[in-house]
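Form predicted alone, single chain, as structure tokens, below.
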């Protein structure tokens, strides 16, 4: 596969990096993660309106940027570099799910608000047992006349504690259904879950006879599988950006920190550590880029590419973030230094949408092993 970025892609990268460097530095991240929402709504609206990040894959006729997986790769890689506190992944998942499952009328009703950043939507599909696979969703929807009711628990919902539109996945007689629930619906209880990573919030939703409107017709599982794969591809791009930034931080420190009258980067042990980090990051790029280019071109097996990328990038990001702390020595694990923020994001991302072991199992299942 010929993986190359166009001049437009590189300009998009420069624009996003310049904006995030100015507006989402370490101080802004620490301020946002200390809030109840977990992000700054004003910054998110600016990201939506000035950069088009909320509606990156939303068609232009619905107010979006009309871009695709390659542009999403670039955007999430840059957002991962600075650990931006924003509901970008939740919005990306929701937009892809709506595009894959909803009819034109529902797309027209839901997508413009998402693209403008005025409406925050998220997808909930993980049941009370904490299982990420769409094939084993246990929550069921029941029909009452012309309407639907939902009961049950949905866990690990991206920004679910503050989203005003919730897209819940539940079983129906013809497979899986996608249901729209308003954030203030009667019978809905939601709470933010305590987590290691304060830069990304997950929530738990509890429904008791909650009124819901079904989105789309027929079995929604094929469309949801596609939306989930595209979202995981965005996540591994984000992981790659974070790991690349850890490499930069580590090598900069190794060149500026002196011991015995010389930079610690001149010592062989530190050189080897930095070289290992570089290899890990480059392999992450290969895996993440491959997954997004398969999604964009249709050349290859997207599901396998995504499983491979998620398994490798999850473990590699954590190892790179941990090694960054080791290279910094005693100051590396202090609260005031940002290295621990990357380590926590790496660990939370490792288990988000399934562990590396589970993704390897799914590759084996596809190969009939």
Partner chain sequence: MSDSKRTIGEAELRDRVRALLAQAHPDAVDRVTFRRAQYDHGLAWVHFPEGYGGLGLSPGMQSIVDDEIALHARTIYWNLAINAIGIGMGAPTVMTYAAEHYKQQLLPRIFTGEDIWCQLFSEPSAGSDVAGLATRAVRDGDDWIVNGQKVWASIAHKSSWAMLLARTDPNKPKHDGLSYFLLDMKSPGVDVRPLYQITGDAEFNEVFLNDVRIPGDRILGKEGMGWRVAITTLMNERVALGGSSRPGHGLSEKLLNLWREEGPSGPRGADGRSAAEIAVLRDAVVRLHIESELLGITNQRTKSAMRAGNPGPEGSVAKLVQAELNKKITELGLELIGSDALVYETGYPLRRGEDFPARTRRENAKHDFLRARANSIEGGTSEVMRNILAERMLGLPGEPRVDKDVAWKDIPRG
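Quick caveat: nothing in here was measured; it's all calculated off a predicted structure. Residue numbers count along the first chain shown, from 1.
Keep in mind the form predicted in complex with the partner chain is missing from the figure; the text below concerns it.
275 is the sole member of 275, 129, 105, 136 with a non-hydrogen atom lying within 4.5 angstroms of the partner chain in the predicted bound form.
This chain is drawn without the partner chain; in the predicted bound form, the residue among 297, 266, 259, 118 with a heavy atom within 4.5 Å of it is 266.
The three residues 201, 237 and 351 each lack any heavy atom within 4.5 Å of the partner chain in the predicted bound form. For residue 148, no non-hydrogen atom is located within 4.5 Å of the partner chain in the predicted bound form, even though that partner is not displayed. Using a 4.5 angstroms limit between non-hydrogen atoms, residue 182 is distant from the partner chain in the predicted bound form. Mapping the unseen interface onto this chain, residue 311 counts among the residues with a heavy atom inside 4.5 Å of the partner chain in the predicted bound form. The shortest heavy atom separation between residue 164 and the partner chain in the predicted bound form exceeds 4.5 Å.
Contact with the partner chain, judged by heavy atoms within 4.5 Å in the predicted bound form, is confined among 166-174, 190-198, 91-99, 281-289 to 281-289.
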